[in-house]
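Presented as structure tokens, the chain that follows is alone, the form predicted on its own.
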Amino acid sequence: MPIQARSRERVERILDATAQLVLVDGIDGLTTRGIADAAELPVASLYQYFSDKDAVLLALCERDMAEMDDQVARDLAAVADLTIASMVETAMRAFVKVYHRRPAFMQIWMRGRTNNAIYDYGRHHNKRIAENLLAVAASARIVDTEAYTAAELAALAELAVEVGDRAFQLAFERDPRGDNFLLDQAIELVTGYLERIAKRP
């Protein structure tokens, strides 16, 4: 196996092992020794790729957030009639699909925000999601670009993503599958807020 492929395979083993440990022991129980043992690698091999357990957690977040971006893009591309409501629901349901596939990610994101690197990356990711969704909406001509400046639209989109993110925290706080009532309310809340920027016929 080429060195680059072997490195990728080892990193994936480390990330998958970390995800499993998070589900069993939580974030606080993580150690680099435990991660290495679970990945069936020497600790020295882990340190070839990551400086500490926080770096592993950040890499896990990056991987799962990239998967989230792909899921949102695929699901939005399949929507025949794009409106603010269908865009919000499709995007938020896409997030839920990834949370179900990657349950450790939600635990890390919910409980790992005291880690500055994870918090900063998450905020940056939310901003990028807002920019991407706004670009999709603008290209579909479903936002009122005459009533708001570009900066105002960007701020409204970012606020909507942050509100949705907080609502997801509440919905997944006690239920690893997410509280369906709260998820529905979150979609309704964000949709109602963003309907104000919808282009009127």
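All residue numbers refer to positions in the sequence shown, first residue = 1. Between two forms, the rigid core is defined as the largest C-alpha subset superposing within 1.5 Å. From a predicted model like this one, the values you see are computed outputs, not experimental measurements.
Separately, the form predicted together with the DNA exists; it is not shown, and the next lines address it.
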Residue contact check: L30 to the DNA in the predicted complex, 4.5 Å heavy atom: yes
In the predicted complex, does Y148 have a heavy atom within 4.5 Å of the DNA? no
Taking heavy atoms and a 4.5 Å cut-off, does R6 contact the DNA in the predicted complex? yes
Does the 4.5 Å heavy atom contact test between S139 and the DNA in the predicted complex come out positive? no
Taking R10, Q48 and K53 as a possible spot, do all three reach the DNA in the predicted complex with a heavy atom inside 4.5 Å? yes
Using a 4.5 Å heavy atom cut-off, which stretch among 128-136, 39-47, 157-165, 66-74 contacts the DNA in the predicted complex? 39-47
Would you say S51 moves its Cα by 2 Å or more between the shown form and the other one, aligning on the core? yes
Core-superposed C-alpha of D25 shifting 2 Å or more between the shown form and the other one: yes
